[in-house]
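In the block that follows, a single chain appears as structure tokens, in the form predicted alone.
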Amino acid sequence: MKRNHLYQLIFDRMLQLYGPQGWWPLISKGGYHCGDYTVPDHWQQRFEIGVGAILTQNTSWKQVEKALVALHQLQMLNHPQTLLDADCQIIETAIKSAGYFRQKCKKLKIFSDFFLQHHRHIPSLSPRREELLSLWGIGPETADSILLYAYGVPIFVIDAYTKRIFTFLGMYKEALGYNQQQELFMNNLKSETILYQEYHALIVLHAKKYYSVKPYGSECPLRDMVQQL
């Protein structure tokens, strides 16, 4: 299959505009870690990324960060067993800022149990995507975020911002589902974890700047570049 190099050119332009993003931000590391690709280097950091990926469903990272700080203060990010054993009311109060706190409490407990079982038996390996998707409350975006950022699996994360930007730029010629969008990126880019991490993070930053308010993309600096190619 012939690769469409425009996907790489868009990444290069965004990286030029914004620089490395240092995702996934970790409370235990003081937030973002730009240029440090050794993160995560411990199972506790992998667990925190999984918790954050669940909490960020349908809300902003600013609200998630408040929830993570509260969980950190309760020492519930130190070990999944602590979160698993905690009273739901305590967890729900801690994560209330992230919204849907009752549902997310249930999701966090299910994930904590899975994380414990997985790392008890095969701590050196990432879980399979199908295993994560089988957990209640974890869909493709959350599963792929965990795989990419917590375990370094080269899989591209698609979110609503991705579709908004690339539809505007004319890269999507029709309505595409999650898997179809993911295939476009993975077929047109090298299979590299760092590339996928930075690309997804840059998409989020770029979308917040140019695609948060309608008319979307009206001042997008990528538009002229794409049109000229």
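Residue numbers here begin at 1 and follow the sequence given. Predicted model, so just to flag it, every value in this text is computed and none were measured.
There is another form of the same protein, the form predicted together with the DNA; it is not shown, and what comes next is about it.
Open item on the list: If we define contact as a non-hydrogen atom of the residue within 4.5 angstroms of the partner, is Val204 a contact of the DNA in the predicted bound form?
Closed with: Result yes; Val204 sits at the interface with the DNA in the predicted bound form.
- [ ] Evaluate Ile138 for contact with the DNA in the predicted bound form, applying a 4.5 angstroms cut-off between non-hydrogen atoms, and reply yes or no.
- [x] Yes, Ile138 lies within 4.5 Å of the DNA in the predicted bound form.
Task: Contact label in the predicted bound form: Val69 to the DNA, heavy atom within 4.5 Å - done: Val69 lies outside the contact set for the DNA.
- [ ] Using a 4.5 Å heavy atom cut-off, state whether Gly99 contacts the DNA in the predicted bound form.
- [x] Yes, Gly99 lies within 4.5 Å of the DNA in the predicted bound form.
- [ ] Specify the contacting stretch among 40 to 48, 165 to 173, 184 to 192, 53 to 61, defined as having any heavy atom within 4.5 Å of the DNA in the predicted bound form.
- [x] Single hit among the candidates: 53 to 61.
- [ ] Kindly confirm or deny that Leu9, Tyr151 and Tyr199 each have some heavy atom within 4.5 angstroms of the DNA in the predicted bound form.
- [x] So, no: the whole triplet misses the DNA.
TODO: May I ask you to list the residues of 147 to 165 that have any heavy atom within 4.5 angstroms of the DNA in the predicted bound form, in sequence order?
DONE: Asp159, Ala160, Tyr161, Arg164, in sequence order.
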